[in-house]
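Next up: just one chain, as structure tokens, the form predicted on its own.
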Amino acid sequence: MRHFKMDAQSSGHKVVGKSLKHESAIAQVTGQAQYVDDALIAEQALHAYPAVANQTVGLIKSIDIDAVLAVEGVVTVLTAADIPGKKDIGPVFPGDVLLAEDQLQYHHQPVALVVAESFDIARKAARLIKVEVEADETKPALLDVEQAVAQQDWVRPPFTIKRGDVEQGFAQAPHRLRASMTLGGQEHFYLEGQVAYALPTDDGGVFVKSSTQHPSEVQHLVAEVLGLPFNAVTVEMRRMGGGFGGKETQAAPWAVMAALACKKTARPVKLRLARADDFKLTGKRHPFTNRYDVGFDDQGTIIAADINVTGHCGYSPDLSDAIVDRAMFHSDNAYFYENVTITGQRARLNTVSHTAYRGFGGPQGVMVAEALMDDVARRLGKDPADVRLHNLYREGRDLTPYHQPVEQFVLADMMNMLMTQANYRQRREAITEFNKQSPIIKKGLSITPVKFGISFTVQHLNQAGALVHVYTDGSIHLNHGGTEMGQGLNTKVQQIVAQVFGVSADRVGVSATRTDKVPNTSPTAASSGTDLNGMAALNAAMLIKNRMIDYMVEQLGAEKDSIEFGDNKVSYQDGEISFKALAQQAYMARVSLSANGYYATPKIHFDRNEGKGRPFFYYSHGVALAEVQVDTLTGENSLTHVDIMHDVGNSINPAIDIGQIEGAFIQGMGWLTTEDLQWNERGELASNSPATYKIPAIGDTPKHFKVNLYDSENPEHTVFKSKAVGEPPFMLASSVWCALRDAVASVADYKISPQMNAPATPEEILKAITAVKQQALNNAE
């Protein structure tokens, strides 16, 4: 176990740093954990379900609901005309309409809400709606991103960041290459789908249970759509069965619809999407089209890079502006580009609006850097690992394209350490020899680093609150603004509070996230849940602890420097007292044992007009080494070995952190290899079920899967010097894609860098193999 730097008052007590089990683990395993869909609903509760149009674009001429109203058990049908307040629920910029009224903008867009006595009645009746749509010849369906770019059809304007002189860099570079790649989207595939339950309150307000990563946004939108003040709406979220970004903004429409039906009928209303409709009605990870033009020298030093990343955003802005920003900010990944220009474009398409997903655009940017490194290495006949090591940020080469200095240089040490531990050099030689002797099965090997910036790129979201009560029996109540979606946030914050008070973690109870306990919260996203809410809880706990210390000094004659909290008691120079007894005595002495905590991330800023600033508080780092094998006749492939070293600073809970690393890696592998979203020529999602969309299964997990935590602490003042862990390891899966490319490159003795898009399905791999063989033949001629 690691040793953590603690304050002197808690130096002998270790709760932070221990691999405690997830606070809901037993309840989840036994089926006792309550999710929104598990909650008992009132006998008079109704069920709502969205009715959709089965066309893609056009002007809505009429919405015929007569057949729906004729169904026994249907109570009412609501349309946009029934909305008393805002009809646009765009989270940042307008454009996300709750119910289409005048214009249809994507296939399966909701146009009405059916409210009935049961889920089955509501869902079946919703299919009976008839929507007359007239084609708008001036606005045909736009489904091709190249066409959108050609027309400069954006949901938000393009944005460019730069450093140095790219043209001068190209003029100086002995070598230059250009390439492009497309990256597919990704379905969130959370175990618990979108669901909300709204109840009327006796003061005219609404109480909403929602499976959401952003309770405050749901609160605000419900209030604005219903024309109520924010204090008339309370949103509660105890736990989600997964979110991954898919419930940051995309949970809001269903909660708002449930609340709208609740307000109209004065009865409780539940709305749950069936899985197939959840696929069709919710946004995905943004597909991207990336292009890069790079100049470099004989050693592989990147002298100039001109990069363009284009997000396929769907019909509305949603969060696309910030997502493409983050893709731009991570197009360097871990590497210094001497002269660089990066442009981000946000293309509008007539599909559902794409949204946040683990990494928030960062993975799409990282893939540019990793593809680029492979291409440079193969052009020069070098090992890609060496080109990567050569281009890592280091002292003197430490300024990012957005002009934030890199201040921690650990990746070279991490890469070299992992390469030694996993015998990279020997395996590289053995695999090269194997591929020479094996005509059909080819092996690939790749090691890729990750440098991931931690903070919301929207500055005001970098804040959090928490509420802590100490009761007179010594038990502690904790509430914070973050949401638990299985990632262990509540467990970590529980450990932080227990550490401060010197009690065991089971003395700290964590309650459901509620907007009436901690207001104006940020979404649980950007890997910042523990950073923000942990620090807010630490602040609240320290306020109470300091009051208890002052009481001991004033009333018990304790010397302040002698007071130590630990093992559920408090000791001082004259003896000790149980934490329970101290809480009781402090209460009797009228000492407040309740506190609100607050935290705002320091140092961060960004001037968008200048394209300069410090958008990130710090960076998390990781390295992954992956080995694959590919059948060159079919494109079938398997991942056989993975070794990971990841930097989480001082881990608050190593077991939870390792679990997050493992899960993120496998999820990232799915994005890059098997998860293939497809829309047909009408703009309808064709891959809309587990039968047509493959996420990784247990059989896809490599037999050798080893994760080590890098021994370090965060140089910035974070909670117990820890680092975020939710999103950064997702990008470690780039090693799998690069290893597959390495195997394909071996077909032509590593002299050709394959053109291979993601996901690298067997079909895509076979296509790349065929192209490499043909190019090798052409070169030979």
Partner chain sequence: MIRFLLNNRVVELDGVAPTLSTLDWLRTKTDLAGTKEGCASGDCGACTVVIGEQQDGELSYKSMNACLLLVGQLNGKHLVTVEGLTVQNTTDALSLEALHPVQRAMVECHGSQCGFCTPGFIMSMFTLYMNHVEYPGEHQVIEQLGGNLCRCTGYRPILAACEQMYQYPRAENHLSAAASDFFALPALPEASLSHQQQQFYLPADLATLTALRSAHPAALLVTGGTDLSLAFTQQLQTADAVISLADVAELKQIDDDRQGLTIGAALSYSQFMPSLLNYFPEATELFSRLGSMQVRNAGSLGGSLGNASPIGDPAPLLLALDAEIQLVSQRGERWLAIADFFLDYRKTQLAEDEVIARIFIPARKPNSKLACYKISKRMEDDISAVCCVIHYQLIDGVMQNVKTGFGGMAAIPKAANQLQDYLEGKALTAAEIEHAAERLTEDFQPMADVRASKDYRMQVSKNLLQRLWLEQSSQLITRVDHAAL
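From a predicted model like this one, the values you see are computed outputs, not experimental measurements. Numbering follows the first chain given and starts at 1.
Separately, the form predicted together with its partner chain exists; it is not shown, and the next lines address it.
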property	result
Segment assignment from 330-338, 315-323, 631-639, 139-147: heavy atom within 4.5 Å of its partner chain in the model of the complex	631-639
Listed residue (Ala81, Ala135, Ala430, Ala276) with a non-hydrogen atom within 4.5 angstroms of its partner chain in the model of the complex	Ala276
Option touching its partner chain, based on a heavy atom within 4.5 Å in the model of the complex, out of Pro158, Gly509, Gly663, Gly611	Gly663
Contact label in the model of the complex: Lys560 to its partner chain, heavy atom within 4.5 Å	no
Asp153: touches its partner chain in the model of the complex, heavy atom cutoff 4.5 angstroms	no
Partner contact for Asp38 in the model of the complex: its partner chain, 4.5 angstroms, heavy atom	yes
4.5 angstroms heavy atom contact with its partner chain in the model of the complex for Pro439	yes
Residues of 761-778 having any heavy atom within 4.5 Å of its partner chain in the model of the complex, listed in sequence order	Thr761, Pro762, Glu763, Leu766, Thr770
